[in-house]
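Next up: just one chain, as structure tokens, the form predicted alone.
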Amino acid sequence: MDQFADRYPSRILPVPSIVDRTDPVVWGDGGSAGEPLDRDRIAFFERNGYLAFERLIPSEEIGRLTAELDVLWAAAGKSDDARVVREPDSDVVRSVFAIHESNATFRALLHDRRLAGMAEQILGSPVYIHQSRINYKTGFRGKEFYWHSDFETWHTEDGMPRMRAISISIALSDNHAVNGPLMLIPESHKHYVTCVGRTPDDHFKQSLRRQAVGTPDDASLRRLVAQGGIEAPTGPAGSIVLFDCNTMHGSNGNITPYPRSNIFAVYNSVENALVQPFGGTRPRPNFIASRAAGPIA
């Protein structure tokens, strides 16, 4: 099949559907000596669509990252930069995008072999950073991120051809069961949920604050949860969750006093560079979906 054929059409038909994935989950050889992930972890990822690691980033390093986080927060609060996204119902900062381009400390972290090496092993090729951001989920007022498959958006709105990308969420504060941790539906990465509704022009201006178009229907979510359940990996600052681009995920709002700040990075295979969006819209800005597909150092 043509590399650039639309294998996963969405937002076209008036009713949703669930179709089987046609791409591999693990593109590499499944765990060779000297690689960061052993065969058991690779097998778990292939089966469930995610991996969780506690304290992968040591506390002294988290201290430096947290200091940068606070500097970025203070600057973002006064900024009108398009890379700063605010909560849907207030001016509170929700996310800051393209941190690997604007901040040397975060760039070094996201280029680190501890993270990029795992992505390259699973994807079977060199990688580049498709997207990076900090998600600030403040205490008391941090809003939810509704259920979604990232790939559905990246395919439809950015032109990502294949399911050959990995997301990594790095906890910069403790992720508790009560402060809106990432939730995932195991095994959902094996199925593609088509969504209903035409994508409006410049949809990203609304969807980054609160997504509506490109979210799955209730019946499809019930079916996926009945099959795989829901997992919410928690852990102290420095823990990470690595998950497939098509794993259905989301998070609840945070009404506790405990903030939950995470770095989110997407590693895409250099062999899966973006083409024209399959939904027929204009490509989203480069700070959301990078088209510079050269491999990271």
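Values in this document were obtained by computation on a predicted structure and should not be read as measured data. In case it trips you up, residue 1 is the first one in the sequence shown, and so on.
This protein has a second form, the form predicted together with a further copy of the same chain, left out of what is shown; the following refers to that one.
Asks: Among the candidate residues 236, 253, 36, 28, which is the single one with a non-hydrogen atom no more than 4.5 Å from a further copy of the same chain in the predicted complex?
Replies: Answer to the contact question: 253.
Asks: Scan 92, 75, 196, 178 and let me know which has any heavy atom within 4.5 Å of a further copy of the same chain in the predicted complex.
Replies: Exactly one listed residue reaches within 4.5 Å, namely 178.
Asks: Applying a 4.5 Å heavy atom distance criterion, does residue 192 contact a further copy of the same chain in the predicted complex?
Replies: No, residue 192 is distant from the partner.
Asks: Consider residue 56 of the chain shown here, and say whether it contacts a further copy of the same chain in the predicted complex, taking contact as heavy atoms within 4.5 Å.
Replies: Taking the distances in the predicted complex, the answer for residue 56 is no, it never comes within 4.5 Å of a further copy of the same chain.
Asks: Determine whether any heavy atom of residue 63 comes within 4.5 Å of a heavy atom of a further copy of the same chain in the predicted complex, and answer yes or no.
Replies: Judged by the heavy-atom cut-off of 4.5 Å, residue 63 is well away from a further copy of the same chain in the predicted complex.
Asks: Is residue 222 part of the interface with a further copy of the same chain in the predicted complex - any heavy atom within 4.5 Å?
Replies: Residue 222: yes, in contact with a further copy of the same chain in the predicted complex.
Asks: Pick the stretch from 97-105, 154-162, 115-123, 135-143 whose residues have a heavy atom within 4.5 Å of a further copy of the same chain in the predicted complex.
Replies: Single hit among the candidates: 135-143.
Asks: Is a further copy of the same chain in the predicted complex close enough to 187, 243 and 285 that every residue in that trio has a heavy atom within 4.5 angstroms of it?
Replies: Per the other structure, none of 187, 243 and 285 touch a further copy of the same chain.
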